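Below sits a lone chain in structure tokens, taken as the form predicted on its own.
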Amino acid sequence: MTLATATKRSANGASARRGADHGAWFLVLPALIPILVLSVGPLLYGITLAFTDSQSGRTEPTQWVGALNFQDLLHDTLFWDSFRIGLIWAFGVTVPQFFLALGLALLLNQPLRMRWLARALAIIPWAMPEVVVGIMWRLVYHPDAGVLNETLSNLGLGEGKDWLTGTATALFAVIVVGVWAGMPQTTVALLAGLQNTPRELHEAAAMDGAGAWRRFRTVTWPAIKPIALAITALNFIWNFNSFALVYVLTQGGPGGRTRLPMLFAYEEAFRYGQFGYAAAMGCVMVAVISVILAFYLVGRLKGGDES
């Protein structure tokens, strides 16, 4: 083969690769454009808005104020109180959600009669819109005609309470709804991991004399651990950013006891018209979520290196 022929073939190969790359980008564009328009674009606009004094109803042009909104945010005790409530809500929903979903997934993985029906019923809360879930649970918690108070009264467990408007019970009542609504999603993810675990490993461990707890610790948990970590991290993010469910249930009340950060930002933007200030709150929340994701990814990479 002459040098000219080799050079020509190399050029043809490079041209073919460039053509393949262009074709791949052409195929990706239909999915990439909506992401850029509906996600990346609004995110960048929101970050830009956080450095302005944008307000509704003002006639003067919007001014660039730098980090003034963030400085005001540092001294806003109401925001940091909502931030604290958001963390309590996120942990209070995510942790019980995981353990209850794990128990339910282990149960549904057993060879039970009518297992298909139990699995179908288990995902019903997941299929319901959050607004419908909120309205349904408002009826359950109703102080006069609610199912919960009626049941407690019939059992002789005390007088009925106003669960969603009582300052001592509102956050707990909302957390219960959040656990109930989000548990099916976690159950489905964990059940998929359990079904992919080779049954031979369980049989071998049982033959070696391992009990149920030891089989779970040495066989089941290592198999579903990546799924468990992923779904828990996602659940925490979704719960921290929750809006519709809590808004329908309490609208952040009573007295701000259930005002999550997303609700606080919504009120600042659309009730008081402080768009720049609300955008700064959104940036802080994005930063918190980014830190959580960074810890998760670092943990995953370390886990992969150790394995």
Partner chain sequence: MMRTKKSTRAAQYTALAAYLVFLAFPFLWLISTAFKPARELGSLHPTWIPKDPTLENFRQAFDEQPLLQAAGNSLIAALSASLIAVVIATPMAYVMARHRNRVSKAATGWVVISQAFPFVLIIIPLFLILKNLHLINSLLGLIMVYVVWSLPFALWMLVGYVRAVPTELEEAAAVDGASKVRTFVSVVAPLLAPGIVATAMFAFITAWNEFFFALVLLKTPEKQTLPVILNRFIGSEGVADLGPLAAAAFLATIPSLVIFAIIQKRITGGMLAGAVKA
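Numbering follows the first chain given and starts at 1. Owing to the predicted nature of the structure, the values given are computational and were not obtained by experimental measurement. We call the rigid core the largest set of C-alpha positions that still match within 1.5 Å between the two forms.
Keep in mind that the form predicted in complex with the partner chain is missing from the display, and what follows is about it.
S.K.: Given that the partner is absent here, does Trp25 sit within 4.5 Å of the partner chain in the predicted complex, heavy atoms only?
M.R.: Yes - in the predicted complex, heavy atoms of Trp25 and the partner chain come within 4.5 Å of each other.
S.K.: Is there any non-hydrogen atom of Arg113 lying within 4.5 Å of the partner chain in the predicted complex?
M.R.: Flag for Arg113 set to yes.
S.K.: I'd like to know whether Ser39 contacts the partner chain in the predicted complex, with contact meaning heavy atoms within 4.5 angstroms.
M.R.: Yes, Ser39 lies within 4.5 Å of the partner chain in the predicted complex.
S.K.: Can you check whether Tyr45 is within 4.5 Å of the partner chain in the predicted complex, heavy atom basis?
M.R.: Tyr45 belongs to the contact set for the partner chain.
S.K.: For the partner chain, considered in the predicted complex: do all three of Ala67, Leu78 and Ala228 come within 4.5 Å of it, counting heavy atoms only?
M.R.: No.
S.K.: In sequence order, which positions of 196 to 220 have a non-hydrogen atom within 4.5 Å of the partner chain in the predicted complex?
M.R.: Stretch hits, in order: Arg199, His202, Glu203, Ala206, Arg215.
S.K.: 2 Å or more on the CA of Leu32 between this form and the one not shown, with the rigid core superposed, yes or no?
M.R.: Yes, its C-alpha moves 2 Å or more.
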